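Shown below, as structure tokens, is a lone chain in the form predicted on its own; questions about how it binds or moves come after it.
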């Protein structure tokens, strides 16, 4: 299919960039759990919309400038193509003008693909907050208006049983504190060490094979892969809603609890995405033949992680009871510095959950045996005394060369 879209280009140290914005692969399980968690804090529904509007506005504005698109219709075609190509669904902007209107989502990742994670067919409230923000940002960019020029309101959503999602857009004065997407964030670190040599796994060969696979949205604008529904999502969207959630929870005195919830969303990501990858035909064809030991499986999934836009992971230490990963230019740390500047506190919650998840999948359970990735298996490997938990010992967001994450057993 033909889509007018900003090209996704590889950038230093594992980043994927389009329209000046960094993108990362994540699945519907992570999208479900992260959204469920951040909505605990008051006002986060509007914060999610504004984060989506800002990142969409930046990407569409920059991409249209790169491609020389000036006509609003052509700009909206690009926005629709980006939405579909990246796995978010399909949009119809025909009911809009520079004064607003209604946008229809014929298919929607957030509207249709989160219910399977929750185990329900219908939610009480619309789940398409990202869609609402995206179309608000895209319409403003298409007509050359300031970011934040539209207020988005849900009319209908697939997640509540509607056949089509509809968002109403009304003009507004952009809020004075409207979030501005920081682009690629902090500058990349100076050096990147080679992959760990104590393995039979050839990371370069794995990355080359993955580069040959098609991870673009299908006719429905969705990306079914590895038993999950993927999105090539805005890294700055994830960062903004995560850190804004923490800021708001700090006023309740529950910041430590909020941080652990973000790590838990990383557990669910690792369980479903990493688990699905390691059970997939692609893994069986490309990675598993290289794996002679369980340790090779760890190196193999780390190699795959390095194709996801998350930064570059390196195995610094590995035993059945301990894994040390050094993350170079992880999207969480780079994004945080771009948003707020340096911080003394580690901010790599997704990465912590992912590192612990790798060890739980392989050394508490054994993903090599092909278990069903259901709730019972999740509880078996994450909620036992011998499960792995991860901590940060250094952080790129604090000015270190890399973020170091150590996963060890609880007891």
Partner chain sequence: MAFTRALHGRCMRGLHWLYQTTPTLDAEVLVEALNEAWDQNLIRGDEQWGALHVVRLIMQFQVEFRIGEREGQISLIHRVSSSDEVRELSHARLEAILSRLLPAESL
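Residue numbers count along the first chain shown, from 1. Predicted model, so just to flag it, every value in this text is computed and none were measured.
There is another form of this protein, the form predicted together with the partner chain, and it is not shown here; the text below is about that form.
Colleague: According to a 4.5 angstroms non-hydrogen atom cut-off, is residue 54 in contact with the partner chain in the predicted complex?
Modeller: Taking the distances in the predicted complex, the answer for residue 54 is no, it never comes within 4.5 Å of the partner chain.
Colleague: Looking in the predicted complex, any heavy atom of residue 281 within 4.5 Å of the partner chain?
Modeller: Yes - in the predicted complex, heavy atoms of residue 281 and the partner chain come within 4.5 Å of each other.
Colleague: Do residue 80 and the partner chain share at least one heavy atom pair within 4.5 Å in the predicted complex?
Modeller: Residue 80: no, not in contact with the partner chain in the predicted complex.
Colleague: Should residue 385 be classed as touching the partner chain in the predicted complex when contacts are defined as heavy atoms within 4.5 Å?
Modeller: Contact check for residue 385: no, nothing within 4.5 Å of the partner chain in the predicted complex.
Colleague: Can you pick the stretch from 58-66, 42-50, 347-355, 368-376 whose heavy atoms fall within 4.5 Å of the partner chain in the predicted complex?
Modeller: That would be 368-376.
Colleague: Give me the residue from 315, 229, 166, 246 that has a heavy atom within 4.5 Å of the partner chain in the predicted complex.
Modeller: By the 4.5 Å heavy-atom cutoff, the listed residue in contact is 229.
Colleague: Quick one: from 74, 250, 120, 145, grab the residue that has a heavy atom within 4.5 Å of the partner chain in the predicted complex.
Modeller: When the partner chain is considered in the predicted complex, the option within 4.5 Å is 120.
Colleague: Going through 215-236, which residues have a heavy atom within 4.5 Å of the partner chain in the predicted complex? Please give them in sequence order.
Modeller: Residues within 4.5 Å: 218, 219, 220, 222, 224, 225, 227, 228, 229.
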